[in-house]
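Next up: just one chain, as structure tokens, the form predicted on its own.
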Amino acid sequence: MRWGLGRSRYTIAPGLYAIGTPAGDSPVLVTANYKMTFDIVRRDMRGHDAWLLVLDTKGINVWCAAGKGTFSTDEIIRQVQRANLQQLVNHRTLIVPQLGAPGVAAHKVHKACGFKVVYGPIRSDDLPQFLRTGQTATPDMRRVRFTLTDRFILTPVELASMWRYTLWSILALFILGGIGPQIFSFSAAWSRGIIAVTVGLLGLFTGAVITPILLPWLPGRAFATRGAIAGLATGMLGLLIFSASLGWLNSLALLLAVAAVSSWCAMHFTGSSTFTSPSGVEKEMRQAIPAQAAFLLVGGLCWLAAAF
């Protein structure tokens, strides 16, 4: 699932589940039916007794589902009534993830089914402490953290999402690599193509892995800018190692191509981060994509010219 393979099908049936051996006074936790979310909540609540009310979010995690409208007021009401929850517990409190709040109108839930909504901590590993302290969240429990580990574990899905672009680009680079004074050469296609593919993969890795890891320390506000800076740095490192054998046209092509590809790949990470909004992403794309295309075009022309 960390590679994004089959994520849309990685679901658990919505309904009421038991963690441990819950009784009438056990807390009721609300979550999404994305199975990774479901499993993480159960893991973090190991050793505790609780009811777990799983909403039908179409396999989407809590935060995204709240924005998409599947982690919603109506769905909470529906699952409470479907499970006859009022007959199983002697309290009327639902602990809803804080990140689900954008999709939930607490007063409507209370009016429709009699249950009060209490917003729990950001992360499920804080749930045991939250429950021990009488459902009181510390300021740290309300803060979204996006640590190096958080960013790193998201990079595989970024790589996996680009496999189609990568395969078509590899094919195109081998074909273009054969263009030269002899019109087309299979040996040139192989030798120059291998180098071009290596440069492309370097840009991909820089933008999809290195940039997210170094995100807080890279200058610039836009992800595309940060990716371009990381790509230029990686390209310069490559030039220091291989410039003697490349020549100036190939060197310029390497620098521009790595920066463009890295910038484009880094821009994709906006969907995995906690820093962006849809309008901000659209604005960034309008500004960045023409520049990325220009860098890639000039770099490509330099690379083709170096063959003659």
Partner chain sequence: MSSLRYLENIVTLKLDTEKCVGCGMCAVVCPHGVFTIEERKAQVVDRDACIECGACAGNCPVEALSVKAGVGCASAIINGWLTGEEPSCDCGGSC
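What you see is a predicted model; the values in this text were computed from it and never measured. Residue numbers count along the first chain shown, from 1.
Just so it is clear, the following notes concern the form predicted together with its partner chain, a form of the same protein that is not shown.
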Exactly one of A18, I289, L297, A23 comes within 4.5 Å of its partner chain in the predicted bound form through a heavy atom, and that residue is I289
Could you spot which one of S161, T93, T198, T133 gets a heavy atom to within 4.5 Å of its partner chain in the predicted bound form?
-> S161
State yes only if every one of R145, R226 and T276 has a non-hydrogen atom within 4.5 Å of its partner chain in the predicted bound form; otherwise state no.
-> yes
Just to confirm, L99 within 4.5 Å of its partner chain in the predicted bound form by heavy atoms?
-> yes
Any of the heavy atoms of P128 lying within 4.5 Å of its partner chain in the predicted bound form?
-> no
R78 within 4.5 Å of its partner chain in the predicted bound form, heavy atoms = no
With the partner left out of view, is S251 within 4.5 angstroms of its partner chain in the predicted bound form by any non-hydrogen atom?
-> no
In the predicted bound form, which of the stretches 115-123, 234-242, 173-181, 78-86 has residues with heavy atoms within 4.5 Å of its partner chain?
-> 115-123
Scan 256-275 and note down the residues that get a heavy atom within 4.5 Å of its partner chain in the predicted bound form; none is a fine answer too.
-> W264, M267, H268, T270, G271, T274, F275
